[in-house]
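Single chain ahead, by itself, as C-alpha cells, in the form predicted alone.
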Amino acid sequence: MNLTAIWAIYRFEMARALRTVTQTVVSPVLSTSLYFVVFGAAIGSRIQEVEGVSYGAFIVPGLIMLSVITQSISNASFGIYFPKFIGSIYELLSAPASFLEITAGYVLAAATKSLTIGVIILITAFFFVDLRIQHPVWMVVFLVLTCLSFSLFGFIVGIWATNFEQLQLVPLLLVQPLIFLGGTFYSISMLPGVWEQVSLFNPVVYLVSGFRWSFYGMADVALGWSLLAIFGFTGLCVAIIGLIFRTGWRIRD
C-alpha cells in the first residue's frame, strides 16, 4: 500500500477545502440550519412528538444525514472530475499508485469534509433542542460509514460526468428526492400502509432509520437491515470503481 500517494492526494484535497471554507463548510451548515428552523417551526407546531420524542429533536438525525450524503457526493465527484476537466488525470494515472490508493485519497478527503460538517451540525443542534444519544458508538459508526459510502458513490458520479451540468444531475434529480422521501422529516410508520411498503424500496430509509435509532432507540427498520444496506452499497461502489479503472471507462476517453 502506497501510503505516500494516499496522503498526497488527501492533503491536496483538504488544502483545497480550506481555501474555500465558506462554500465547503459554512454554506451547508447554514442551509441545514434553515431546514431545521423552517421544518421545526412549521411542522413542529402541528406534530408535537413522534414516539415520545419532540419533533424538533426527531428531525435532527435526518437533517445530519441530508447534509452528510449531499456533501459526500458533491465533494468526491468534484474532486475526481476536476483533474479530468483540466487534463491532470493522466499524470495521476501514470503515478505509481493503484486504483485503490487513488480512490482512497479522494474518498477519505471527501468523507473527512462531510464528517466535519455532520459533527458541526450535531453540535449546533444541541443549542436548539434537547438531544440525547443512546448509542454513541453506533452513531459514529453510521455517520462514518455513510460518509465513506456516499463519497465512493460521488467518486463514481465524478468519473461518469462529462460536464459540470452532469456533475449536478444525479445529486439533484436522484439523490435529493430519495433523501426527502427517506424519512428525513417523518417516520415512514406515519404513512398509509401501501406507501409505507413502497418506502422500503428507498435505500436512504435504512440509513436514516439506523442513524435515528442510535439517538433515540427507535427505528423504522431493523438495525441489521440498515447495516446490511450500507455495507452492501459500499461493496457495490468499490466493485464499480474497480471495474472503471480496469477498463478505463470515462477516464482515458
Partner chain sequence: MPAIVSVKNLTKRYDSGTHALKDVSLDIEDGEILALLGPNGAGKTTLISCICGIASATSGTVTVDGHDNVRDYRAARRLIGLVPQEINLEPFETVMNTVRFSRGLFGKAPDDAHLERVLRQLSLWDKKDSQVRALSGGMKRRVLIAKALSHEPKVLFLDEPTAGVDVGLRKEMWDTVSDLQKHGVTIILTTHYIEEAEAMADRIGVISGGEIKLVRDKAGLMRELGRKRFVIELGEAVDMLPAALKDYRLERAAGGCELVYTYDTQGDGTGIRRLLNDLSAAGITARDVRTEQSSLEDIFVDLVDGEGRS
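Numbering follows the first chain given and starts at 1. None of these values were measured; they are calculated from a predicted model.
If you look for the form predicted together with the partner chain, you will not find it shown, but the lines that follow are about it.
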Picking from 88 to 96, 117 to 125, 141 to 149, 159 to 167, which part of the chain touches the partner chain in the model of the complex when contact means heavy atoms within 4.5 Å? 88 to 96
Interface membership of F82, the partner chain in the model of the complex, 4.5 Å heavy atom rule: yes
Exercise: L243 in contact with the partner chain in the model of the complex, heavy atom 4.5 Å: no
Looking at the partner-bound form in the model of the complex, is F12 within 4.5 Å of the partner chain by any heavy atom? yes
